[in-house]
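This document contains two forms of one protein chain, each encoded as structure tokens and listed individually as structure 1 and structure 2.
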Structure 1
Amino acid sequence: MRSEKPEAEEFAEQYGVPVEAARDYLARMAALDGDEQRFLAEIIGSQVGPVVELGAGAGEFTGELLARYLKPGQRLYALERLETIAQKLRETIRDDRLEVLVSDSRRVPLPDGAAALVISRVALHDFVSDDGDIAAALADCVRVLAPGGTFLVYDKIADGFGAVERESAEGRMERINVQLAALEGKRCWGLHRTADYVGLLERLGLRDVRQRLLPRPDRPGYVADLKRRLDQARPGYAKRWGDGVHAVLDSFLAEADGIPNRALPLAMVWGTKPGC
């Protein structure tokens, strides 16, 4: 049964923060969501052909694409590399415009020039591969993009920080993904700056690369909540990555309370595939 408490009171209770702090944060997030929707509508709304979403996962953004941004009859190909997650996505979102493809970015099962837009949202900083060559991993996504089509990357960035791991608990947290990937002999692309994303799209051969920055408000209670969630996740992490997980998590937990709770900003970076 849905709670009848105001959203700010629910947030304050869940994260152990004052109601006023919760109310201020939620108001700032609403403004950010409004900016995000306007910017995405501007970029996505100009596209009329099929859209490819990289790393669909549980489908939160997939649902937003279908509900807010895509036109009637506009096709959406959602890529997810794990069959179990892909099947859940098919069962969760029932829309004739959606086709879920079991694939990663290196082997997109679509013909050349099939898509008007390829989009990655808050995913590339977690991208894990054997060699760490993210440009090579995304090259096939450019292949399926039609001439004149748009490649849009939307992700967390380290802009505005000198030493992000000392100035932001969230920034320090992002190192964990890199360390966990290393435990299985792989490389995680990790947290980068807007200029790195611009350079990436330029290396992929995209033109007219543009960018927009979206500052995020600091979330009250972030550090305490993150420590609780990591502690709960520890057994599952150890099962997957082995006992090396404990040193990774213990190092973060020992430092977390002394690191400011500054949120990482977001950046949209997009470019156009040259014509023939």
Structure 2
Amino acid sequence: MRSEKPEAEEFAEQYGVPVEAARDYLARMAALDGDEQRFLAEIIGSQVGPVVELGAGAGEFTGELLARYLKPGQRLYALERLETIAQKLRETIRDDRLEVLVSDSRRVPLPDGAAALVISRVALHDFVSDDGDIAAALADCVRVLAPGGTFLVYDKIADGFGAVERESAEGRMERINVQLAALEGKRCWGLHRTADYVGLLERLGLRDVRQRLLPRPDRPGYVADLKRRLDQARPGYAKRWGDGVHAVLDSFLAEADGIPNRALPLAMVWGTKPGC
């Protein structure tokens, strides 16, 4: 087992922060991760049928689902809109239970009622569509959920903030996704509040909608690391979205140091599909 000290030292070195700050952050994260894992184990562990993960991205959560929560033989469909990202996911995770579906959430290539659980983690704020109508973007995901099945989203939220883009560097950073989507003529849902997620699930026809808030500690060195990562990503972004990317990134970089390094909390919101 790794001791906490080397991990904190490694973190401190990687992000250029004092070891004490790194140790404090990692201890807080470990406590919160434990809460999150217990809660997910409860919800996911009670499902015996197939699971659909929405907006799987490069598969960080997909890997966790398979390693930690799904049972032997339990099918996981990971839905991702972009082929390039889905391909990375396929290359990174090799597991007989996993099938990667490359598709927009408006058209899930599964029959009605195929899933016992539909779940997404830190994905919906990043969901893009032509019209920005998130309920329309998710209606087909509810179709593939079996009656009695659970629809669970958890995502970064703006609760506790007035103007989240000015009060949190992470909040400001999320605006970049909205701006990049606009460069390709799409609308990105962006950051919302827990109440918006509750309203969304109710509009989708889910019942008994419940919520749980998960605070996150501020990550030391977050802003400097983000600036570094965006700099590295710049050529790839420009290739994909064109020269408009430079104005988006430059305006962020000009403001980032003046915005507090406050982390966004996560909310879990879940409900049941009626009809069983």
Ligand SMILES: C[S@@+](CC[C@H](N)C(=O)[O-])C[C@H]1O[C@@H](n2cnc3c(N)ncnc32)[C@H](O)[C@@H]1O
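Owing to the predicted nature of the structure, the values given are computational and were not obtained by experimental measurement. If you superpose the two forms and keep the largest set of C-alpha atoms that fall within 1.5 Å, you have the rigid core. Quick note, the numbers are simply positions in structure 1, starting from 1.
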| item | value |
| --- | --- |
| Displayed copy of the chain that is the form predicted on its own | 1 |
| Threshold 2 Å Cα movement between the two structures at P72, rigid core reference | yes |
| I85 C-alpha moves between the two structures by 2 Å or more, core aligned | yes |
